[in-house]
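Just one chain is shown here, as structure tokens, and it is the form predicted on its own.
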């Protein structure tokens, strides 16, 4: 034990001396909002023009912002809201702003609690009915006479998990307010999200729409260069490493988050190796680590039934991948549910789960013809078996099922 402590002491001492690579690694985090957002000036101006009336005490139009992950939606919204907050203080305007990530909040209750907090309405962490909490929010708003700008990031997560009831109530709340008003900025990564919305909600939410296009490789280079000036000591980042980060991220639909992650992890790889220059080899290593971590987390966060479907494909792959068709997977899935004391979903729903896992890249499925017997899907694993085993080994419900032998084993051999 003493020897281990000595080793850790050396590690800590090394880092406490100060990094020879990083000057400020926090600027490479997703939640950092820089003073300058390259190639998003037009979007900043547009959102600023839409929301500016709130400074005069008038509600602005609701705005729906959508685009793929890492296209600057969140950064632009936070940038504009921060500036509105500053200006409101300068001119003593009754504007309040609230930014909520709906995926992180997770429930309607927590989203409403965050909205209440933004107008200094204290509510218990839990215990109230959502309807009562909404009434408190509405009454507090009306008593204060404020304009609230509510930005709901990843709003698609709220609707897919909880439905659009809360969103409907928020888009209609102004009908019951006289002294105060609420304006909503909805932000979504899902370009098809609008298909999930009730037409009444959509018509009110989408009074204004903004679409964020992916960054090009050249634009990503500019973004990385601006961050690198603050993040790293001078001369640490090689031009080749920067270009590689931008090129890899641009190949994945121009994701600035991906580019920043690559740059940060590449810096950490160089730092741990004792190198003082970030090179292409560090970026390649960072790419491997990020890809592994991303797949690991995506499996870990799957709903239980999706994990059982993935486990079924994993077990079948040990015998004969040719038998990994939809029907076989469903049979094994049903067996596993029985073993776990769970009610299986319908075959149609499991087929939908397979499609979702296919979209995520965890499974590969292709339609094959069985001649006069119709068509089916042939399923194979889209990722290494070891990653699935590592994740499911940590799952208290499924870890004991990893070595399960199907009852129809004889038909597979």
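All of these numbers come straight from a predicted model, not from anything done at the bench. Numbering follows the first chain given and starts at 1.
Note that the form predicted together with a small molecule isn't included here; everything after this is about it.
Among 360, 52, 387, 37, the residue placing a heavy atom within 4.5 Å of the small molecule in the model of the complex is 37.
When you look in the model of the complex, the only residue of 270, 241, 256, 111 with a non-hydrogen atom within 4.5 Å of the small molecule is 256. In the model of the complex, the small molecule sits beyond 4.5 Å of every heavy atom of residue 164.
Within this chain, residue 69 lines the site of the small molecule in the model of the complex, having a heavy atom no more than 4.5 Å away. Among residues of the shown chain, residue 227 is one whose heavy atoms approach the small molecule to within 4.5 Å in the model of the complex. Mapping the unseen interface onto this chain, residue 328 falls outside it, with no heavy atom inside 4.5 Å of the small molecule in the model of the complex.
No residue in the set 307, 349 and 356 has a non-hydrogen atom no more than 4.5 Å from the small molecule in the model of the complex. The chain is drawn here without the small molecule; in the model of the complex, the stretch among 136 to 144, 273 to 281, 308 to 316, 256 to 264 whose residues come within 4.5 Å of it by any heavy atom is 256 to 264.
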